[in-house]
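Below sits a lone chain in structure tokens, taken as the form predicted on its own.
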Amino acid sequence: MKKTKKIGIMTTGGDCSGLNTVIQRVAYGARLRGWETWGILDGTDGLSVTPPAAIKIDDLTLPIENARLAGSFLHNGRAHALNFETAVHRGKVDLFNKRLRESLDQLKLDALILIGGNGSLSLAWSNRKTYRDLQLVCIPKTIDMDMPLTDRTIGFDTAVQQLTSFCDQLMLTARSHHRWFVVQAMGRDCGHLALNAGVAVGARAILIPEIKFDINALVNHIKNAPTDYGVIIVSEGITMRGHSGRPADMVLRKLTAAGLIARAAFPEHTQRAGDTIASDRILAARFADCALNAIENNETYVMTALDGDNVHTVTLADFVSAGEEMHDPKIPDLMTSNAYVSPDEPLLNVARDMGIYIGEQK
């Protein structure tokens, strides 16, 4: 008699739209295969407590009509809980790793699906001994789109739509008052979110960390614009030599000093919210199916990835080696695998051809 597989699923790191869609699709696809699905609450936080915080997922636990909602039904972690970050700061790394192994042993999982960003996946690889007794399959999610080896991540498209909608509304009041709005986008050190939303909304300028810009050239560009209103999108990761504070405020001060009427606007966590749009739901379904197939094929230490029109798995080893390694700001000694806006990104040329100031790169 064929053994019923018991799989776990958890969401880690920052939340975004699309997480619930992945959870629901994984659970439904697993049930059709005759498998059990257990959701681990609060990511690795839920594995650090005794007994481990886990619930069995069925069709009524997360109804399909709720799968479109943002956030994570399973939660992404608690402030001050024992996890990889706090364990380092409290000197309890050994205790934390011990609890993780004990919880995974207690749950008796055959496989674990981890939905996370580049930090979570880099952590999973560096701590792979913790998951040695089960299959580990990862699904990439982040609104930053800063992960190598995949053309899209869960949550990115919805975040672009959220930021675009926010700017659309600002554009109307900007026109009414002959005013410029400097909108600060999320994205950490990666400019994909700002770039995509900026092109979508028709921003007059887009500033991203990957491209150097001249603030005086930006001011002149705005002064010579065909309209006296509009939106300027700046990524939260940009810096200005000799200036401090929030990036949108720094740019605003220069515009105001030049006599331009402007305001700063901060959509902040609304970019990580919003009903999951269709393209993210489709990607969630494809990644869920790929993850379940990977488990069926006895794969482990892999990540689902979109390459053109093809969804497949790549090894976590390749994921780590393919990205640009950077020190994690919160966990000393952890190197995360990162991807950034390439100089060959087609949207950069589109932006320039549309008269958008994008920086000094030729």
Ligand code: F6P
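Note that the structure is a prediction, hence the values are computed from the model and not measured. Note that residue numbering begins at 1 and tracks the sequence as displayed.
Although not depicted, the form predicted in complex with this ligand is the subject of the following passage.
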Original post:
Of the options R253, H221, K98, H269, which one has a non-hydrogen atom that comes within 4.5 Å of this ligand in the model of the complex?
Top reply: H269
Original post:
Between the options I143, I115, A291, L207, which residue brings a heavy atom to within 4.5 Å of this ligand in the model of the complex?
Top reply: I143
**OP:** Would you please decide whether R188 lies within 4.5 angstroms of this ligand in the model of the complex, comparing each non-hydrogen atom pair?
**Re:** yes
Subject >> Any non-hydrogen atom of D157 within 4.5 angstroms of this ligand in the model of the complex >> reply: no
**OP:** With this ligand left out here, work out from 143-151, 274-282, 82-90, 227-235 which stretch has heavy atoms within 4.5 Å of it in the model of the complex.
**Re:** 143-151
